[in-house]
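Single chain ahead, by itself, as structure tokens, in the form predicted on its own.
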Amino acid sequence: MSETVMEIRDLGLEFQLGRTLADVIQRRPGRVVNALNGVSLALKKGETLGVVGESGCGKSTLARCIVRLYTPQRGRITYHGQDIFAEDARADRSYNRRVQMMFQDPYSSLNPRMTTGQILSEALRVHQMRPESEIDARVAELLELVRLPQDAAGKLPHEFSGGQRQRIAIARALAVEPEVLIADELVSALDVSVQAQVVNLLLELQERLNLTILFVAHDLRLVRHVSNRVAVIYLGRIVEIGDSETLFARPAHPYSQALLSAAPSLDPDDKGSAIRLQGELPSPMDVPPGCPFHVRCPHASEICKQQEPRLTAHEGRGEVACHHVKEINTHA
């Protein structure tokens, strides 16, 4: 079995909103956004774990907690057994180097006043990855690694296309020789043809450098292509997690079934059979009690309204959080 690099247990994060005038008049407390509600998962060495779900379900919030941009109020994240939010871990900058994040918009995450060479050199110097005399040579290596021409070192970010800027972002992440990459909607801002190039490059680099990747995306076909395992998240909770091919072929949770049935097919003869859910996604400021999916689920019963289901193993197909998973999948 592959070594567990990172483990996330019962992660909870809330954002406190300011009080409105109506709140003040009626003496109500400020509203709270429940971004993460008990997320648990493990990241194995060398794998790509895809995280999918509707917009606003907590995918990017989870990614930002992993790189310590957000501090959760509940639960813990351990990296090789060490709590990343412990005081001694916060003081240790090696975690910032070993776990790197790449963002959706490479232009806003790159300093517009710095050349590509300066951007890569800065990462090398801050983390003391190379002696000063070797930095220029290492910058040249990184550009070659992500298939950018050597003259790119003297250019500013605005002189590149979106795909090229994303390659610079990948090179900057790889400059500090990380073990884990967090890809938050890495290619969603790019054209489809460019998406394929960037994703294939990332997969090649993963194999070459033995990287572990958490791949956050809303494009289900892309996630299926890149991921070894997939976690489906709904209103800040993991509702299903398992092997990519198995989950896409035979999803067990009713939300996973609806989500995947709505994905467009590459087969022109496939007219689709999308499962239409009742109602709309509830607000994260007012998460339903019990199973948060029960207000939209066609299989919901009284226990679903009262008791939150836990992730449990289901017939060798991964883990599912659903009270009625066996009945739902009797003929699946």
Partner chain sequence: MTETSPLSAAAAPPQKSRLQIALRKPGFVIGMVIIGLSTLLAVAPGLFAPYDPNFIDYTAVRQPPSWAHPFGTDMLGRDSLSRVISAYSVNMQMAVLATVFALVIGVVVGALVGYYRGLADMIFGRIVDAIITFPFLVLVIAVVAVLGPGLVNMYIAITLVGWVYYARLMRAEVIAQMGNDYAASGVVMGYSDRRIIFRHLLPNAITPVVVYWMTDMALAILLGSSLGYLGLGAQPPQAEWGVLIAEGRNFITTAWWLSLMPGIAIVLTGLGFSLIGDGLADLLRPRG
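Only a predicted model underlies this, so the values are computations on that prediction, with no experimental measurement involved. Residue numbers count along the first chain shown, from 1.
The following text describes the form predicted in complex with its partner chain, which does not appear among the structures shown.
For this session: State yes or no: in the predicted bound form, is some non-hydrogen atom of residue 108 no more than 4.5 angstroms from a non-hydrogen atom of its partner chain?
Result: Yes, residue 108 lies within 4.5 Å of its partner chain in the predicted bound form.
Problem set entry | Close approach of residue 256 to its partner chain in the predicted bound form, 4.5 Å, heavy atom | Residue-level check for residue 256: no, no contact with its partner chain.
For this session: Would you please decide whether residue 131 lies within 4.5 angstroms of its partner chain in the predicted bound form, comparing each non-hydrogen atom pair?
Result: No, residue 131 is distant from the partner.
Exercise. Hey, in the predicted bound form, does residue 93 get a heavy atom within 4.5 angstroms of its partner chain?
Worked result: Contact check for residue 93: yes, within 4.5 Å of its partner chain in the predicted bound form.
Problem set entry | Answer option from 208, 74, 80, 158, heavy atom within 4.5 Å of its partner chain in the predicted bound form | Only one listed residue qualifies here, and that residue is 158.
Exercise. Looking at 122, 179, 185, 243, which has any heavy atom no more than 4.5 Å from its partner chain in the predicted bound form?
Worked result: If I apply the 4.5 Å criterion carefully, the residue I get is 122.
For this session: Spot the stretch among 64 to 72, 295 to 303, 50 to 58, 30 to 38 with residues whose non-hydrogen atoms come within 4.5 Å of its partner chain in the predicted bound form.
Result: Residues of 64 to 72 come within 4.5 Å of the partner.
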